[in-house]
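A single chain, nothing else alongside it, follows as structure tokens in the form predicted alone.
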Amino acid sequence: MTPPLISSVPNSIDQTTELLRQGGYVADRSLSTALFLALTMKRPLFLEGEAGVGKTEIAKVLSQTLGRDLIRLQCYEGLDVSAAVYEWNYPRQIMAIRLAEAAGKGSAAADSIYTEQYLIKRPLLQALEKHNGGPPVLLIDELDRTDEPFEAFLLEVLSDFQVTIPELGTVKADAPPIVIVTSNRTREIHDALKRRCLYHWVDYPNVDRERAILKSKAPNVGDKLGAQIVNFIQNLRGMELFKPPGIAETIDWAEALTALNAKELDASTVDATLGVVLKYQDDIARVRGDVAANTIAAAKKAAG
């Protein structure tokens, strides 16, 4: 693990901004405020916004700068307790029973197979354990991909930082983990879950902040090219595209153009590299050609 840049939880909004900055994350004050309050109040932070705006990165930066373990639960349709919290190691349990039966102690084995040594701990249960360096950062990523029954299960975890295992009882964290929940808003998350969290909408950055992000993440990109890239991307986001480019696409495109030794945007290079920025053929077809040329001219004019 990378050594922590800041060893303790920040005690002000400015310190929170600095903590993120040292991890390479350029945050606006509203995000720093929401994160500071979540850390201070020990409440989960629910981050909602379009894909690619940097929600997941916040948890990674917190883990790095605070020197905490990062435990990630990647959500998907059909996610259940056995994949998210725990399951029993059935092969080991069966083997233990058979060995006990062979030794004439079958009844005793049946009572002892539901112990921690036979428990397979998944991310949510791991996050409730003690960790070196302090409570971990628990990232529940893309919650909107799961089903509503799983949301209902999370209520106990997010309100009391505990889970109930019928065979063992309740497992409760000595100190609550730092919880970041993200959603791309492909569906609405139930109010009961949102009430257990602090909420912040993460929007696309404005021009100045995106230029600062690009300078932090891709420092080898020249100022002139970087300014044109950011203004071009900002203009793309104003179009009716199926999937507007996120910050990650801005950074990838800047690195791609630098690899091509581009010093400024030109129509042929932009047309050839639109697949770095746009991920759907319909979007590429709409932008390529005259639209791209006009957008390049506007980006150059805005960049000065």
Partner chain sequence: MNLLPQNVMHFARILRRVGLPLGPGQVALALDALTRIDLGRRDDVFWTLHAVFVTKHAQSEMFRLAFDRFWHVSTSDDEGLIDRKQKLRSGEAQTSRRIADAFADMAPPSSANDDAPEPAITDMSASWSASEKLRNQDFETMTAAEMADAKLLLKKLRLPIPEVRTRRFVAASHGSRIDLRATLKASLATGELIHLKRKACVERHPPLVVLCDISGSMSAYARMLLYFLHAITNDRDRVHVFLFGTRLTNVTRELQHRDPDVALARVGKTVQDWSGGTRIGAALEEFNRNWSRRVLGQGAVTLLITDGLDRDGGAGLSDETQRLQKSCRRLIWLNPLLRYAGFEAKPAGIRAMLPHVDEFRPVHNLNSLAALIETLSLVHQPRRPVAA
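Positions refer to the first chain, counted from 1. Treat the numbers as computed from the prediction; the structure is a model and nothing was measured.
The following text describes the form predicted in complex with its partner chain, which does not appear among the structures shown.
- Its partner chain in the predicted complex comes within 4.5 Å of no heavy atom belonging to residue 291.
- For residue 187, a non-hydrogen atom is located within 4.5 Å of its partner chain in the predicted complex, even though that partner is not displayed.
- Not displayed here, its partner chain is kept clear of residue 135 by more than 4.5 Å at the level of heavy atoms in the predicted complex.
- Proximity of residue 206 to its partner chain in the predicted complex falls within the 4.5 Å heavy atom cutoff.
- This chain is drawn without its partner chain; in the predicted complex, the residue among 79, 213, 71, 158 with a heavy atom within 4.5 Å of it is 79.
- Put simply, of 116, 223, 191, 174 only one has a heavy atom within 4.5 Å of its partner chain in the predicted complex, and it is 191.
- Checking 124-132, 175-183, 196-204, 225-233 against its partner chain in the predicted complex, the stretch whose residues place heavy atoms within 4.5 Å of it is 196-204.
- Taking its partner chain as positioned in the predicted complex, the residues of 240-275 that bring a heavy atom within 4.5 Å of it are, in sequence order, 240, 241, 242, 243.
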